[in-house]
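A lone chain, given as structure tokens: the form predicted on its own.
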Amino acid sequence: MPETVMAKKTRLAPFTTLKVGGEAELWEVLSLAELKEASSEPFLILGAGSNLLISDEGVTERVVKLGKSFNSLDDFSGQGDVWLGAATPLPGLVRRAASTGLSGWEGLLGIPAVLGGAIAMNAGTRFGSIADTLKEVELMLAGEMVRLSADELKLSYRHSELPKDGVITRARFSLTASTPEKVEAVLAKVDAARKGQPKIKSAGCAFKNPEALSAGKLIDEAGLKGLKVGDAMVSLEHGNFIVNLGQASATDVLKLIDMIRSRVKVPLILEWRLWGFGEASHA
């Protein structure tokens, strides 16, 4: 096994934004050869760890994380049509594009994701999604490299039809030439509209917005802000965020999710991916 691969039982909580989760065999890969080896057994792919809840017992599957060689942030010099590695952090790209006067990612401001995970979930806000600029992806599937167009991924609201066990390694985006001043002005408007989201540990919006409705508003109107189970709490700032006050467990979080659903009259669909609860999936 290559020395650069981490393949040992590791607690996953520190690798997630909610800071919850048990152990798994974690492989951090730095090359396509290492990725091929790591993905030769049943596995899950870990990005920035947002929009993800991992069981307190961890997962039985191997967990694969793309390392720094798949991060293209330092190489992004402001081209409008560009290939970028799947481990590239989205927040850095949004700011780098703005500084070079490229438009198209403003609606992704504040999303704590890497590109691969953002594509898999079609991450976005009401101001735009990753699908707006994505053109094609390169992925490893059954040990072979494959290219798919954005249309083939059938991107929809917080969803893609990424092939099962396919790992995005890089993706091509097309941005529009603008000016730093114009892009920064749009970012300021997006930032102002998103004020009120919690700054402490969370996994992002817990529930998808029902059609023509706001999940956060529904939870707020049900009087659930501040509702707690252990150290898991419905954010006082935004109803669609569950925050970890310090030592929350996955069990606490799941109980709180069930309580929210039982008290909101409109059915709420979880936006997060769940690992280790009998329905493990990629995130």
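Numbers for residues come from their place in the sequence shown, where the first is 1. All values derive from a computational prediction rather than experimental measurement.
Just so it is clear, the following notes concern the form predicted in complex with a small molecule, a form of the same protein that is not shown.
Of the residues given (R96, K135, K182, R158), R158 alone sits with a heavy atom within 4.5 Å of the small molecule in the predicted complex. Proximity to the small molecule in the predicted complex, defined as a heavy atom within 4.5 Å, holds among D231, D220, E57, E61 only for D220. For a residue to qualify, one of its non-hydrogen atoms must sit within 4.5 Å of the small molecule in the predicted complex; all three of R194, F207 and G216 qualify.
Of the heavy atoms in E237, some are within 4.5 Å of the small molecule in the predicted complex. Among residues of the shown chain, E271 is one whose heavy atoms approach the small molecule to within 4.5 Å in the predicted complex. Contact check for R126: a heavy atom falls within 4.5 Å of the small molecule in the predicted complex.
With a 4.5 Å cutoff on heavy atoms, K36 does not count as touching the small molecule in the predicted complex; it lies far away.
Listed stretches are 172-180, 194-202, 146-154, 97-105; the contact stretch with the small molecule in the predicted complex is 194-202, by a heavy atom cutoff of 4.5 Å.
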